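Okay, so we've got the same protein chain twice, two forms, each given alone as C-alpha cells, structure 1 and structure 2.
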Structure 1
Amino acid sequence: MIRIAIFGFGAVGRGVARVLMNRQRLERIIGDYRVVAVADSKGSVVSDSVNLKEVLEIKERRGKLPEGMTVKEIIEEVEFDVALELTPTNIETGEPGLTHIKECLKKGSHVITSNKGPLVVAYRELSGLAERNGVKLLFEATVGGAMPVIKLIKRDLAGNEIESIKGILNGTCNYILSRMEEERLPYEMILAEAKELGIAEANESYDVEGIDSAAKLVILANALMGMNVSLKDVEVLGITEITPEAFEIALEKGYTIRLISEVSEGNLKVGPRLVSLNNPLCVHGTLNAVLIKTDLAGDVFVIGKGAGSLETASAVVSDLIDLYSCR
C-alpha cells in the first residue's frame, strides 16, 4: 500500500487529485495506494484514506481547505511513503517547498515535486540528502510541464553526453509571443489572458522577465549536465520590451520572435531571439519545445504542453509511476 501526502492544492495539486481519483488508470501499474493527507496554505484534510472527491468539492466551494494540521505537523506526525510537493514556486528562497522537501527526505519519504524554487536554490543539497536517506527526489514537472525532458534525458538518453539544450521553456511567454505574432496586440493585453488561463506564475514577472525560464535552465544544467550553477549565472532578458512592430519586421523576413533558453558548457542564456518560421522551435500557444544535442544520439527534439493543471499533473503522475512500477 502506497501512502501519499499532497502538499499544495492549487491548479497542479487539484489536477493530480483528479488523476489519482481514477484508480483504474493507476492501480494496475503501481498497485494499491491511498492519499493520507492533503494540505494547502490555509488548512488540511488528514485521514487513513482521504476522499479526494470531497476535498476537491470543499476547495472549490470555499477556496481553501478546512483548518487542520499544518504541513509541518503532517510531516512530523503522519506516516506516508511519498510526498507530492506542489506548493507555488519562490525562486529567491525556495520556501515553503524547500523546508517541506528537506524534512520529508530526512524522514525517509520519497518526494515528487513540481516546485522549481527548492531545486534552483538547493539542488545539490537536496539530491545529496535524498541519496543519504535512500529515497528518491523526482521533479519531471518542474521543467516543460507535460513535455518529457528530465526522464527522457536521464533514462532514454542515458550514456549520452548532453552537449546543449536549447528551446522554449515558458508556456506563458510563448502564448503571449505567438498571440502577438498573430494579432499584433501589445504584450500586457495578452498577459491578462494568460493569467486567466491559469498558466502564468503567481508572480507573473517571473514569466515575462525570463526568470522562470532561467530557473528551468538551472535545473536542467545541474540535474542533467553535471553543472553547479545558480540563477545569477544565467544571462537573462525577458519579453517586456517586445513590440507588435518588432513582429512586423521579423515576419517580413520569414522569422518570428520566441523566448529562447540555451545551455551548453560555459553558456547559460535566456532571451528573445529571431526564429525562422520553418524552425521546429517555432511552436505556438502554451507549447514548450527543446532541441537536445547529444554526442551519441545526435539531435533529439521534443515538444509538448509546458503548463496547465492536467498537463503538469501528467508529469507528477509519471514520476509516481516511475517510482513504484519497478518495485
Structure 2
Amino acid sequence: MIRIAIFGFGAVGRGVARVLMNRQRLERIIGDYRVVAVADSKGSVVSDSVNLKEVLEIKERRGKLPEGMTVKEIIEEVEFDVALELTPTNIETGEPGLTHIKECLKKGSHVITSNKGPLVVAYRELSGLAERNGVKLLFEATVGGAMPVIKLIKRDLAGNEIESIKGILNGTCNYILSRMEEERLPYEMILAEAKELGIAEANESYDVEGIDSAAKLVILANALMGMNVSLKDVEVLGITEITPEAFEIALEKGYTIRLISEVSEGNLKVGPRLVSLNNPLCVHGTLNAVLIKTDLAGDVFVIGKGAGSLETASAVVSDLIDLYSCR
C-alpha cells in the first residue's frame, strides 16, 4: 500500500488528483495506493483514504479546502510514503516548499515536486538530504512540463558526458515570439492576447523577463551537469524589447527569433537569439524544445508541450510511476 500526501491544490494539484482518481490506469503499474492527506494554503483533508472526488468538488465550490491540519502538522503527525509538493514557486526563498521538502526527506518520505523554487535555492542540500535518508527526490515536472528531459538525461543517457543543453524552456515566451513572427504584430498586442487565452499570467514578468527560463536552467545545470550555480550566475535578457521589425530583418535572412536558454562549461545564458528556420529549435506556439549535446550519443533533441497544468501533472505522475513501478 502506497500512502500519498498532496501539498498544494492549485491547478497542478487538482490535475494530479484527477489522474489519481483513475485507479485502473495506475494500479496495474504501481499497485494499491491511497491518498491520506490533501492540503492547500487555507486548509486540508486528512483521512485513511481521502475521497478525491469530494475534495475536488469542495475546492471548486469554495475555492479552498476546509480548515484542518497545516502542512507542518501533517508532516509531523500523518504517516505517508511519498509527498507530492506542488505549492507555488518562490525562487527567492524557495518557501514554503523548501521547508516542506526538507521535513519530508528528514522524515524518510520520498518527495516528488513541481516546485522550482526549492531546487533553485538549495538543490545540493536537498539531494544530499535525500541520499542520507535513503529516499528519492524527483522533479521532472520542474522543467519543460510533459517534455521528458531530466529522466532522459539521468537514465537513458547515463554514461554520457553532457557537454551542453540548449533550448526553449518557456511556453509563454515561445507563443508570443512565434505569433509575432507570423503576424508581425507588436509585443504588447500579442501579450494581451496570450493573457486572454490564459497562456500568460496576469503578472507576466516572471516569464517574459526570462526569470522562469533562468530558474529551469539552474536546475538543469546543477542536477544534470554537476554544477553548483544559482540564479545570479545566469546572464538573463527577456523578450520585452523585441519588435516586429526585428522579425522582418531576421526572416529576410532565413532566421527567426526565439528565447534560448543555454548551459555549457562556464556559460549560462538566457536571451533572444537568432534561430535558423530549419533548426529543430524553431518550434511554434507553446511548445518547448531542448537540444542535448553529449560525448557518446551525439545530439539528442526533445520536443513537447510546456508547463500547462495537465502537462505538469503528467510529469508528476510519471515520477510516481518511476518511483514505484520497479518495486
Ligand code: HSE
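Structure 1 provides the reference sequence; residues are numbered from 1 along it. What we label the rigid core is the largest C-alpha set whose atoms superpose within 1.5 Å from one form to the other. Just so you know, these numbers come straight off a predicted model, no measurement behind them.
- Structures 1 and 2, same chain in two forms; the form predicted in complex with L-homoserine (HSE) is found in structure 1.
- Core-superposed comparison between structures 1 and 2: the CA of V229 stays below a 2 Å shift.
- Relative to the superposed rigid core, the position of the CA of K195 differs between structures 1 and 2 by 2 Å or more.
- Once both forms are fitted on their rigid core, the CA atom of L251 lies 2 Å or more apart between structures 1 and 2.
- Once the two forms are overlaid on the core, E204 shows a Cα shift of 2.9 Å between structures 1 and 2.
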